[in-house]
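A single chain comes next, written as structure tokens; it is the form predicted alone.
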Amino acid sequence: MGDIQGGGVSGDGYIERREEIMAVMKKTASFTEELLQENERLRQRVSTLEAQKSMPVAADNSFVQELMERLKQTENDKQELFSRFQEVSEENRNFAERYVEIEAENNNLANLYVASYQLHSTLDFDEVIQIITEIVINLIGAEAFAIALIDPKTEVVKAVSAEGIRQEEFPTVKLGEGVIGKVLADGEPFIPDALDPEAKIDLTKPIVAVPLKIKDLVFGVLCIYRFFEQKKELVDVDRELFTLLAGHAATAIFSSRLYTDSNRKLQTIQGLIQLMAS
């Protein structure tokens, strides 16, 4: 084949040119393929990043929810512990108050035991009355009171001891009349439910009247007209003390009276015997 003239391209030159174009096309195809691969890699990377981005959010939500549940449970536990603490505090306060009451009762009982021992340690009438007076003042807390006995001969009630009032002003009492007469007749104590600190002293109307008796034999009465200021009310232990004191005081008074009368009679008989012997 002949050469192409007039500015044409020879066969060798055409082949070279085509090879150059083919090389460029290959490079372009290779570059395009690389671009596509890089694009796919980038797309996968973007997908991975988006997946990784969404995962912490879900994890954070789950963690926050768990924290909220723990916080709620902690709050419930705190409320339960606080309620239990209040219950225990209330129980401790009740125990403390009860302990004080029991301690006071034990002290009163111990004092009453000592007082009753003192009452029965003597048969002297005047000593017995003095001991009863001290007990009523120190143990019961009475400021104004009287101890009155029935005269077995005249059956007149007379005060044998008084504090805070004049002994000779103790009223004449008839059995069954007024507070004192009713207590002497019935043998039942008169103890009010509440104290009136403003009440005036009326010797015919004691605040408390306790009969002195042995079994059904009533021979006297303890009349209380005023308590010391610190004693604002009567409690159960006071009522028990009134009852116990009345019983012990009555026994001591009765015994000392019998002993005094017997001793007086004995001395009279001994005096007569000595007189006759001389």
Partner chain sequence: MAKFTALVVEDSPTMRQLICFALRRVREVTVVEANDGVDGLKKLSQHHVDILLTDINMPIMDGLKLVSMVRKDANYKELPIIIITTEGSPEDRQRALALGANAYITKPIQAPQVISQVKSLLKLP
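Numbering follows the first chain given and starts at 1. This one's a predicted model, so the numbers in the text were calculated from it and none came from an experiment.
The following text describes the form predicted in complex with its partner chain, which does not appear among the structures shown.
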property: Heavy atom within 4.5 Å of its partner chain in the predicted complex - the one residue of Asn111, Gln167, Thr204, Thr122 that qualifies; result: Asn111
property: One residue of Gln37, Gln230, Ser62, Gln44 in contact with its partner chain, assessed in the predicted complex (non-hydrogen atom, 4.5 angstroms); result: Gln230
property: Which of 75-83, 133-141, 168-176, 153-161 lines the interface with its partner chain in the predicted complex (heavy atom within 4.5 Å); result: 133-141
property: Any non-hydrogen atom of Ser89 within 4.5 angstroms of its partner chain in the predicted complex; result: no
property: 4.5 Å heavy atom contact, Tyr117 to its partner chain in the predicted complex; result: yes
property: Asn94: touches its partner chain in the predicted complex, heavy atom cutoff 4.5 angstroms; result: no
property: Glu103: touches its partner chain in the predicted complex, heavy atom cutoff 4.5 angstroms; result: yes
